[in-house]
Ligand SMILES: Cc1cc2nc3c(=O)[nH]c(=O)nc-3n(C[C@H](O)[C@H](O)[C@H](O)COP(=O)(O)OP(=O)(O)OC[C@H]3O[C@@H](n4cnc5c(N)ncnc54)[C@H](O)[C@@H]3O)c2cc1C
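First, one chain by itself: the form predicted alone, in structure tokens.
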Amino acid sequence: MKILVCVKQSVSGELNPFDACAYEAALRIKTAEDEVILLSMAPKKSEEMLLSLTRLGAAKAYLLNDKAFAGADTLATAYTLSLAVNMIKPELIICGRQTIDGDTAQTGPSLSVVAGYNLITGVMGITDVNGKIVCNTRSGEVTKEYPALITVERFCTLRFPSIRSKIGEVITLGAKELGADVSRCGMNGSPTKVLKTFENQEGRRKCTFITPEQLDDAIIAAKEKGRARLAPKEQSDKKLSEVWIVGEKPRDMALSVAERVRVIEPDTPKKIAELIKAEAPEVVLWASDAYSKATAPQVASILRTGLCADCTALETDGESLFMYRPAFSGNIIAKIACVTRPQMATVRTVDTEGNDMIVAVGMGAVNSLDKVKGFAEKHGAELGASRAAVDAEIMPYEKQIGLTGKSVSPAVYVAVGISGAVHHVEGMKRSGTIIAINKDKDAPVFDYADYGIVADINDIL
């Protein structure tokens, strides 16, 4: 079996962590009869990274590099990657859930449509590859026929090369070698356009510092207050005449830019795409749940239209939709427009499922883990964790909250011994009330908390 792994080098120069897991998953599947191949659309400088990765077991790596590919959004990227897929003809494609630079989680689902592969998303483990692929996902066990494409969570760690490992080859392919229609590549083929960017101040809160004795009262008050409610940006008098939403969750965001909202029920990508083709709406909005994140990119690929991911605000001039979303690990906000129709976006929505309270463990609380667990149990809370605590194998990946974990929106979020790196903040900032406990009074987490306690964990719990 040919197994193709899509990889990308992050801005920092490291392999994207989800892609590292995808590669390790492929190597664990590989037998003597199987072939693992790497694929990356990237600048020439990524050749060095690909060469080093071949030492782990990939037979070869393909680097898609051409000035025509520059500036591609997810639709144009999926098209270009599909040309290489058609050339290599793998039975299985493994992609990371998302990149940490772009954080759209769209390329894998889009590629599955363009290349004609069955799709499984949110994979937490692969249980069988004989005849069919069987995966454990965040939604349960899923089985698909080959050819298949799966997107994986960060459930395993990439191995190190052995002393006797050999370097493979990197084959560079441009638009000519791929037979690409350059009008569908790079900026030319990208329906979403970034209009401007600015520093992201979203999620910052005014922190009130309290004493340890006030903690229980703060939790009681926060539970009574309940979960957060997203407040869409106020609009001018000009609005779009109608906006479609898939399911009820995006309604508030839609009403911020539309006079009327039409709800269509969640369905298969094919059926939703057929309905959109038949009635030609100007705008279609999706929620930020697992179904929407997997389905919306597939519909966008079928329709060859743009899709902006994880929007936190919308605005309109009465004709066009302007979408705002975090980018580059949440450090900036980008204002984006779509030049094709329909204009589509997934918008941030608050998940009303799950526990009302989460107590998250950071490295500052690892020596007090039993006390933290007891505190969580006392309040009927679910446990969460920072990436650092998961990487140190103190907590399981299923509990990781943040950009490389999961996003949560409980009524009460208690961050215990967590510094407040932007990657973690991205996953917790939709919580109703955030309480931070840290002995460092200058910890960034206090900038995103409603209440703060500056003290040693052992003196509180």
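Note that the structure is predicted; figures quoted are calculated from it, not measured. Each residue number is its position in the shown sequence, starting from 1.
Missing here is the form predicted together with this ligand; even so, the following discussion is about that form.
By the criterion of a heavy atom within 4.5 Å, residue 431 is excluded from the residues contacting this ligand in the model of the complex.
In the model of the complex, this ligand lies within 4.5 Å of some heavy atom of residue 443. In the model of the complex, at least one heavy atom of residue 421 sits within 4.5 Å of this ligand. Looking at residue 63, you'd find every heavy atom of it more than 4.5 angstroms from this ligand in the model of the complex.
Of the residues 362, 306, 250, 108, just one reaches this ligand in the model of the complex with a heavy atom at 4.5 Å or closer; this is 362. For the candidate set 56, 403, 49, 39, a heavy atom within 4.5 Å of this ligand in the model of the complex is found for exactly one residue, namely 403. The three marked residues, 132, 145 and 393, fail to reach this ligand in the model of the complex, with no heavy atom of any inside 4.5 Å. Stretch 431-439 is the answer when you ask which of 431-439, 66-74, 41-49, 28-36 has residues with heavy atoms within 4.5 Å of this ligand in the model of the complex. Although this ligand is not shown here, in the model of the complex the stretch 446-461 places heavy atoms of 455, 456, 457, 458 within 4.5 Å of it, in sequence order.
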